[in-house]
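As a starting point, one isolated chain is supplied in structure tokens, in the form predicted alone.
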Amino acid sequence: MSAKEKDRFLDEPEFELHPDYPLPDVDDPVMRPFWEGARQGKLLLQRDRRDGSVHWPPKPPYWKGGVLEWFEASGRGRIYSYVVAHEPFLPAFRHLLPLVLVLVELEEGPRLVGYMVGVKPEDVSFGMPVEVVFRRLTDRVVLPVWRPARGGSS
């Protein structure tokens, strides 16, 4: 793994997941490519091969006659909206508080929900440039999360 690829993953000590931590179904046939990409440090989206329009959430392969393809997105965007959670909606998230939940508008257009890392809640703002980074939860589950963009712009 190159230094650039390694930089896409959070450098953090291993931690034990709370038994109630909700994990995504990485074997779901529609979402499987997205989760496989995340394991490789890639943010994958779908687009229409005919007109290039980007689709989120992912659609099944037969949608619109099978014209969708997966591609690697830039991983850059801006905070469209956010909220700071001070109470855990699940006990499994207590260690993350305060948690900055964000709606990120990607350069490619779609808006993805996630959470911020590496920033204090008081330093988050609407329109803030962000970039994706990946947090390894298990051997199979790698979660895209967001951090302030290096260099301050996207």
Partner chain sequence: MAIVGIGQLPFAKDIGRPISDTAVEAIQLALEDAGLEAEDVDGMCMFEMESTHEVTIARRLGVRNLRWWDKTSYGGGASCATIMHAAAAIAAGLATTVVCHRARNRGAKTARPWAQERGVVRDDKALHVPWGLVRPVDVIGLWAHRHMHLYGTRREHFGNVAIAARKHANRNPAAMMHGRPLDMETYLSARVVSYPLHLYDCCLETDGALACIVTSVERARDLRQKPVLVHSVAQASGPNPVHLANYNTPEMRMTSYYCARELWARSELRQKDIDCAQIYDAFTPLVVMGLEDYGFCARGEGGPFTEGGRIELGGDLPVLTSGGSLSEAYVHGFNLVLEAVRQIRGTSTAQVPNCKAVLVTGASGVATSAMIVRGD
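Not measured: the values here are computed from a predicted model. Numbering follows the first chain given and starts at 1.
Absent from the display: the form predicted in complex with its partner chain. The rest refers to it.
Asks: Whether R39 contacts its partner chain in the model of the complex should be assessed with a 4.5 Å heavy atom distance threshold; does it?
Replies: Because no heavy atom of R39 falls inside 4.5 Å of its partner chain in the model of the complex, the answer is no.
Asks: How about W56: is it within 4.5 Å of its partner chain in the model of the complex, going by heavy atoms?
Replies: Within the cut-off, so yes.
Asks: When the contact criterion is heavy atoms within 4.5 Å, does W63 count as touching its partner chain in the model of the complex?
Replies: No.
Asks: So in the model of the complex, does Y21 come within 4.5 Å of its partner chain, heavy atom to heavy atom?
Replies: Yes, Y21 lies within 4.5 Å of its partner chain in the model of the complex.
Asks: Would you kindly say which of D123, D51, E69, D28 lies with a heavy atom within 4.5 Å of its partner chain in the model of the complex?
Replies: The residue from D123, D51, E69, D28 that makes the contact is D28.
Asks: Even though its partner chain is not shown here, does it sit in the model of the complex so that A3, D11 and A73 each have a heavy atom within 4.5 Å?
Replies: Not a single listed residue reaches its partner chain in the model of the complex, so no.
Asks: For a quick check, can you give me the residues of 83-113 that have a heavy atom within 4.5 Å of its partner chain in the model of the complex?
Replies: Counting only heavy atoms within 4.5 Å of its partner chain in the model of the complex, the contacting residues of 83-113 are V83, V84, A85, H86, E87, P88, F89, L90, F93, L99, L101, V102, L103, P110, R111, V113.
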